[in-house]
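So this first bit is one chain, no partners, the form predicted alone, shown in C-alpha cells.
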C-alpha cells in the first residue's frame, strides 16, 4: 500500500491531531486511522468531484476557466485599483499565509479581518492582557483531575478532545483517567457532552454572568442566599462550588456558548476573574478556548502581533494602524472597503445579510478549494490546496502550540497553497 504507516496532521479542527495514519491506492487515500468524521471529510474532499480544479473569472454572469497566472494578474489589478480592500478569512489558512495577508493589507492600506471576531478573538486578547498563559494539552492530560466544559460541546465539535486529552485517558497525576477525573458541564441544553458529565449545570439562556458572579461570591466568602442561581437549584450549585474548592487542578474549556450568549465581554471578564480567584486560593486552574477552525488561534495571535487587536485592523498609509473596531461587525458595516480578498472563508453564508450584500456588490477574489456560496458570487476564484492534505506549513493549536503540517507527499503540488498564491499576488502589487 502506498503511504502505509505514514502520518499526517489533521486540520479538521484546532486540535490538529498529529497521529492520523493513512493508506493509499492508485494515488487516492483508501484508509484513514484515528481520524474523526470532521477530519475524514476534510481529507477526502481532496478527491471529491466537487473540489475546485481551475481558476475562474466571472464574465456576464457566468464563469470561464483561465490560467493561474491570468487569475493572479487580474486579482492584482483589482487590488491595485482599490482604495480600501478588505482581506477577510484567515482562520483556515496557515501561519505563513496569514503573514502574507497582513503584509498585503499593510502594503495596500487595507482592512485585515476574519472569523476571529465570531470565535475567540476577544477572549484570547483578554487572557494575554491578564497574563493568563496556556498550558499544553498534554499537561492537562497529565494533571487535571477536574475538567469543565462551559458553553462548549466537544462531543459534537471536537470529537477527539475528551478521548485524547481531557477526560478519558490516564495521566501522570490522574493514573486511572476517567475513573478519578471529575467532569462538569455548563450549558443551556442537554448536549451530548452534558449527558456524560457528573456535574450537569443547565443554566437559563444568558445566565452565564449570573452564575459566574455567584461562583465568585462564594469563593470570596460571600454565600448566596437564594433557592436557585441562573436556573440551577442551590444544592447543585453548591456541590459544584465544593468541587472547585476541593480539586487540585481544574481545566475549564470554554466555547461560543460563553462568549456569544448576549453579554460576551462581560462573561469573558467574569470568567477570567473566576480563574484568577481559584489560582489565588491555592488551586491550579487554567482556561482554554475551544477554537473551531484549525488555525483560528494562529490568526488571532498574528493579528495581535501586527496591530494590537485580535481582529478588524485598519491599516493606513505606510502600513500604520489607523484604527481598530470595538466590534468587527460594526467595522464591516461602517468601513468604506471597495474590494475584497477572501481566504479560506465563506462570509456570504455566515455574515448578516447587510454585510453579505455589501460584499456581493464589490469586486471579490476568493481563494478556496471548494465552490462556496461566496465563491459562486465572486469575480475571481482561485483553487488552492487542501491545507494539511495537499500542502504544508504551520498552524497554531488551541493551546498555542505551533504544529508543522505533514501533507501527503504524492498530493503536494497538485494545487498551489494559499501561501504560494498570496506570495505571487504580493509580488505583483
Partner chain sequence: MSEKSKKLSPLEVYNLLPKTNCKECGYPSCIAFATNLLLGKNKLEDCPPLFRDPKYAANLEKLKTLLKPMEEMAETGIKLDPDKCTGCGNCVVVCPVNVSIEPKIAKGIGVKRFDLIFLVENGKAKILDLEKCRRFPPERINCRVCEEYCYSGAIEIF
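Numbering follows the first chain given and starts at 1. Computed from a predicted structure; not experimentally measured.
Although it is not shown, the form predicted in complex with the partner chain is what the next lines describe.
Engineer: Verify the contact flag for residue 333: yes if a non-hydrogen atom of it lies within 4.5 Å of a non-hydrogen atom of the partner chain in the predicted bound form, no if not.
Structural biologist: The answer is no: residue 333 has no heavy atom within 4.5 Å of the partner chain.
Engineer: Under a 4.5 Å heavy atom criterion, is residue 48 part of the interface with the partner chain in the predicted bound form?
Structural biologist: No, residue 48 sits far enough from the partner chain in the predicted bound form that none of its heavy atoms falls within 4.5 Å.
Engineer: Does residue 30 reach the partner chain in the predicted bound form if we count a contact as any heavy atom within 4.5 Å?
Structural biologist: Judged by the heavy-atom cut-off of 4.5 Å, residue 30 is in contact with the partner chain in the predicted bound form.
Engineer: Quick one: does residue 19 come within 4.5 Å of the partner chain in the predicted bound form, counting heavy atoms only?
Structural biologist: Result yes; residue 19 sits at the interface with the partner chain in the predicted bound form.
Engineer: Check each of 169, 233, 352, 206 and return the one that places a heavy atom within 4.5 angstroms of the partner chain in the predicted bound form.
Structural biologist: Of the candidates 169, 233, 352, 206, 169 is the one lying within 4.5 Å of the partner chain in the predicted bound form.
Engineer: Of 224, 238, 130, 196, which one comes within 4.5 Å of the partner chain in the predicted bound form, counting heavy atoms only?
Structural biologist: For this set of options, the contacting one is 196.
Engineer: Is every one of 155, 160 and 200 within 4.5 Å of the partner chain in the predicted bound form, counting heavy atoms?
Structural biologist: Spot residues vs the partner chain: full contact, yes.
Engineer: Look at the stretches 299 to 307, 85 to 93, 255 to 263, 170 to 178 and give the one with heavy atoms within 4.5 Å of the partner chain in the predicted bound form.
Structural biologist: Among the listed stretches, the partner-contacting one is 170 to 178.
Engineer: Heavy atom within 4.5 Å of the partner chain in the predicted bound form: which residues of 132 to 152 meet that condition, in order?
Structural biologist: 141, 142 sit within 4.5 Å of the partner.
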